[in-house]
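To begin, one chain is listed below as structure tokens, in the form predicted on its own.
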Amino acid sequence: MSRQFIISVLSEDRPGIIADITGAVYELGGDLAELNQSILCGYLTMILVAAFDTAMAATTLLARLEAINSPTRFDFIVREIEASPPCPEIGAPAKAYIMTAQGRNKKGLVHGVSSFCYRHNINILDLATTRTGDTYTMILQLDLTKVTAVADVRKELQHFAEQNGLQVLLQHHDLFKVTNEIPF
């Protein structure tokens, strides 16, 4: 019977971490379904989903990961998740939007933007932020499926942006993709 696990990894960044983690999963016969990784302030965080055909135990998987010979310390969370049905195909929902928000750095910007989204029943699918000097930039992928009138959200978002000194742009995902991808 197939078993599926979600694995969370945190470590000071160095070359080879992804190879170490995926190598341990591979050695145990695991098949990676999804992986997402990011580096913040010199720390790598990664979340991945792996399926095993054998009766893998979370403790066995965790023990193998903790046995990785690494000059950096790893922190792991391993949790078994429902293996059937498989993870749904990930694709942008029909009402997926990309929002960019940029302004002078101050405390509470991410909280303010995420609270705005919550109040308007907007789900944040992905969020990346960066600070360059005194400028704070956020890029959010949003699901507006539960929003009935996007025009009303745009109007309230403009008001929110003015109150918080932000420049905000909300684009449908398809428009953002067409205007920001370089074909190879």
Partner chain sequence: MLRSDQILSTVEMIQKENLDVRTVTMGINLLDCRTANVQHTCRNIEERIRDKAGSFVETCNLVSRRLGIPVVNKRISITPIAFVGAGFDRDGFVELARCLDRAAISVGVDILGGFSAQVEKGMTATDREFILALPEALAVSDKVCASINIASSQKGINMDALAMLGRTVKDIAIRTSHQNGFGAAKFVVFCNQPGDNPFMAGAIHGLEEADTVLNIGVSGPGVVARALERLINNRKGNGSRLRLDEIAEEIKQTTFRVTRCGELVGRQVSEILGVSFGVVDLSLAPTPTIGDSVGEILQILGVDAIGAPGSTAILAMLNDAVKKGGLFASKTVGGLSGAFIPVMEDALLAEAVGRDELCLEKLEAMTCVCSVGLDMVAIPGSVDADTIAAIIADEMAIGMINNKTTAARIIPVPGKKAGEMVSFGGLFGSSPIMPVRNVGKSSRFIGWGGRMPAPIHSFKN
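Small disclaimer: the values here were computed from a predicted structure and weren't measured. Residue numbers count along the first chain shown, from 1.
One more form of this protein exists, namely the form predicted in complex with its partner chain; it is left out here, but the text below deals with it.
Hey, in the predicted complex, does Gln171 get a heavy atom within 4.5 angstroms of its partner chain?
Yes, contact at 4.5 Å.
Evaluate Ile98 for contact with its partner chain in the predicted complex, applying a 4.5 angstroms cut-off between non-hydrogen atoms, and reply yes or no.
Ile98: contacts its partner chain in the predicted complex.
So, Ala58 and its partner chain: in the predicted complex, are they within 4.5 Å at any heavy atom pair?
No, Ala58 is distant from the partner.
Report yes if any heavy atom of Asp126 sits within 4.5 Å of a heavy atom of its partner chain in the predicted complex; otherwise report no.
Residue-level check for Asp126: yes, a contact with its partner chain.
May I ask whether Cys117, Phe160 and Gln163 each come within 4.5 Å of its partner chain in the predicted complex, counting any non-hydrogen atom?
Not a single residue of the candidate spot has a heavy atom within 4.5 Å of its partner chain in the predicted complex.
Quick one: find which of 63-71, 48-56, 26-34, 136-144 has residues within 4.5 Å of its partner chain in the predicted complex by heavy atom distance.
So the stretch in question is 136-144.
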